[in-house]
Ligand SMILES: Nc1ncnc2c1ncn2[C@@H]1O[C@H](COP(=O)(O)OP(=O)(O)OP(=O)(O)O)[C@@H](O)[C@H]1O
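Shown below, as structure tokens, is a lone chain in the form predicted on its own; questions about how it binds or moves come after it.
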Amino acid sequence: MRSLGSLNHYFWKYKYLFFSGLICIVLSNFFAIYPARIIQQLVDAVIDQILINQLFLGTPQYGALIRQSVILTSYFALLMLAMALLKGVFMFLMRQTIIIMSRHVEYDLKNAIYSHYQKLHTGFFKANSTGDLMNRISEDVGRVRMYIGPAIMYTSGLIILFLLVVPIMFSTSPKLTLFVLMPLPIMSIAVYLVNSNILRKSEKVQQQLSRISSFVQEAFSGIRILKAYNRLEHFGLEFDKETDEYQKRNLELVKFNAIFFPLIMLLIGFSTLLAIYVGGMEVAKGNISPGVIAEFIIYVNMLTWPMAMIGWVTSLMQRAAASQIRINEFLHTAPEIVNHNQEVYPVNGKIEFNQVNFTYQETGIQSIKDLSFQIEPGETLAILGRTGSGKSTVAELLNRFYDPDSGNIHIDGKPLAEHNIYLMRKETGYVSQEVFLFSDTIYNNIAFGLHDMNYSKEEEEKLVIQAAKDADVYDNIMGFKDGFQTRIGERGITLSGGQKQRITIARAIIKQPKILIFDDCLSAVDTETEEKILQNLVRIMKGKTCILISHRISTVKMADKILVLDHGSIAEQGTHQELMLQKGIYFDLYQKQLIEDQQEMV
């Protein structure tokens, strides 16, 4: 319960719904138990009336007595109907308050988790799987909602029902009350044990269902590989194994479900038998009236299901507590990247790295070692190097996805950590080497870069078209049946790697930022297309600070300055001509790539 205590402030936040719900629970239970007293009075009145009618059988008064009996019975029936209607009204209001409150809390929790996710650094998402992150915001929050809604509602209802019913029963017949209530604690324990097993087996069924879903999704995604390697039959047999296991776990669950209701009905029947037997003995002794037996049978049935709910509610609370612990783990994770500046100011684009070091915590690999360089506003810096040399880390540090372990990064003479992080990202156009497009139209994917800028629809369309032309993807887009309205994604058109890269370039340049970072974004395009895009970028990059990260010399040779990284440090630097004269790593790479290009042409 300690973990669930973090939810208590929600009860105060929605106090009007919560306390209104409690009042409705009290009133609905009051109108639920009152009919039992009416039944008791009706049974006793009917018995008395029958005895009286027998005495006046055959007399002139007999007809009047029969009419009186009908009126009496009708009065009690109308009273019962009124009680049932009032109970129904307040049960409806009870659900409209408590359950709606739980939905509000669910909404708040999901928003709080999602908002916190957005504040966390990139390393957090590398360390945690997407499935786990999704489960905490969906399945775990759903379990917590079941505690705040149904568990609270049924627990409150049970407590209030006991506080109302048990005193009435004891005041009527203490002996009968003790006998009637005797099986109920046994029922709660039995239901808890059975329900716990049901929940454990339900979890196993859900886990196996998830395995089957993942298996099928992977098979469909890789269907071409399965066909190419002729592994369809093998995967079919593996799928049979998974479904057999699913069937086995479901059958185990069905067996325990089959025990649940018979067990409850057995204990209800036992309590009813005790009420009739002990109650009959008490009636024979003259301690109670016959109507009390009927009254107690109703009380037994009223208390049985709430008592049976104790096991279910306990399981709900256990699952909610476990889920809330998982949620709290994430909510209590402090973001490593914090924005301390909310000011809005112009960005010129001067960048300076001064003895920067950085190690990825997830792997322990030092990616950057004593890196120092400077870029003046409007200059183009190219970063070249082999895989793992630290090129992409420079881009991630500039976007402040991470902070350096030591050293300083300055933008316009000011430490990057002191800048408004949201302003800096707005003024930076970033194209990562990992291409990602949203499951939306091509138009919306390109216009994504304008999400926080005020343009008319006509101006936006012109910018999208121009960005597509500058990225040399306009003709490809217009070749699709729906043009810019073509949907991308799992069920959309299949784009080539080069087309995807060019759309991401269009998305970055459309915002006309002061700083442009291209992280190996032309690796999937041919040399001719690369040349066209670079010619367009020369025009776009005028007056902007640009960083070109690549492993291809054809991409970087037009830069004002080129850095050659090796194991996180600068091995060589200079212009294309200067590096060629040094005849070092850059020269060797140029020669190798020149030979490769010539072989491709042949």
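Note that residue numbering follows the sequence shown and begins at 1. Note that this is a predicted model, so its numbers are computed, not measured.
The protein also exists as the form predicted together with the named molecule; that form is not presented, and the subsequent description refers to it.
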Contact between H551 and the named molecule in the predicted complex at 4.5 Å, heavy atoms? yes
In the predicted complex, is there a heavy atom of the named molecule that lies within 4.5 Å of any heavy atom of T363, even though the partner is absent here? yes
Is there a heavy atom of Y402 no more than 4.5 Å from a heavy atom of the named molecule in the predicted complex? yes
Quick check on S271: any heavy atom within 4.5 Å of the named molecule in the predicted complex? no
Checked K462, H234, R211, K126 for heavy atoms within 4.5 Å of the named molecule in the predicted complex; positive is K126
Sort through S323, Q501, S367, T380 and report the residue having a heavy atom within 4.5 Å of the named molecule in the predicted complex. S367
Which among 172-180, 78-86, 225-233, 389-397 is in contact with the named molecule in the predicted complex, heavy atoms within 4.5 angstroms? 389-397
